[in-house]
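As structure tokens, one chain now follows by itself in the form predicted on its own.
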């Protein structure tokens, strides 16, 4: 990262032609630099005020703008900041940036505004990562989870865990200071009870990662079945567009087709696959292999069968042959020409007609699946870095318990407690290093 004492600038809106463009400036000299580029004096402007005027380069007017002033520490970054709202011409945006640079600002690095917010204690590291999640959210579920993380619920949980451990660690460290006197300030049995409680809480957070990952990225859903069962027709019906080629010729789909389908705020990452059958065609064999691999990785398998050609006995054999996967919904397609009565099929079978767009029974089942991932009041994590830190802190606490059970000395127990505290501190940023910060903030867009 560059010198954090510099005043930085960057466009906060995406590149391209639009009605408006916003340019951010932040740093100790943000207001002074903006003042040199503005045809009205804002040097002594109060925070939270908006000023109408023109951006000028010497005597040349560049654009008619609204300029918002934020005084430290009451800004996103905790520094003096200015936001310039102008017309959305890429040329105008570039000229305004050039003028700001000429008067003393420098271009911001990716994520540098949020990095400064973190360093100025406007938000912790977990909340900063939630900012990136909110920007990239593409469903109501992922947005609400990011907002929950930004409000600091997860950070508060981690803070409580750390503080309880710190209070006890202080007594262990005190014993080390009086090592020659052979005294114990910390109740070993009490420490065991505390560690057991912390392990339970950490495991609860860790176990939420799978659900959090689904809320963030969507439910990995595979459409599978025999050739001509109607998988591609169903995909098109769900998406309400002709995304996949539909043909009466068996084996039309040779490779996986992936699309995103949103239902009541939850994303389903749909994967249309090659039909499951034995084939001498090399290409089709590869496609079937990919189908089985996708099924093994699926969180949800939607298995279609042709109600007009499949017998209950055949369906039973097909289901037995399926590779292990997550939840499975068995769907009887072509109900408009199907045979047999409802009682002939498994009780949970869903009956649809993809061709006639009669798919509401399946949509109801998908809604049921999505309801299992709804956000309640409990904290849910969706960040692999957090999950890894929780796993390592749990491992360190397990070593603490082992040490207490086997009579290890205070200094050895203290080492494992420090490691657990270190791992928990990595999550919220009480403990960090430049490599971690670079890894996190360089993934942000340049204006954030």
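Source: prediction; values computed, not measured. Numbering follows the first chain given and starts at 1.
There is another form of this protein, the form predicted together with another copy of the chain, and it is not shown here; the text below is about that form.
- The putative spot formed by 239, 269 and 326 is not touched by another copy of the chain in the predicted complex; no residue has a non-hydrogen atom within 4.5 angstroms of it.
- Residue-level contacts in the predicted complex: of 415, 50, 384, 391, one residue has a heavy atom within 4.5 Å of another copy of the chain, and it is 50.
- Only one of 164, 374, 140, 336 comes within 4.5 Å of another copy of the chain in the predicted complex through a heavy atom, and that residue is 140.
- Partner contacts here mean any heavy atom within 4.5 Å of another copy of the chain in the predicted complex, and among 144-152, 191-199, 344-352, 227-235 they occur only in 144-152.
- Using a 4.5 angstroms limit between non-hydrogen atoms, residue 68 touches another copy of the chain in the predicted complex.
- For the chain shown alone, residue 12 is a contact residue for another copy of the chain in the predicted complex, at least one non-hydrogen atom being within 4.5 angstroms.
- In the predicted complex, at least one heavy atom of residue 90 sits within 4.5 Å of a heavy atom of another copy of the chain.
- Put simply, residue 22 is close to another copy of the chain in the predicted complex: some heavy atom of it is within 4.5 Å.
- For the stretch 115-135, the set of residues having any non-hydrogen atom within 4.5 angstroms of another copy of the chain in the predicted complex comprises 131, 134, 135, in sequence order.
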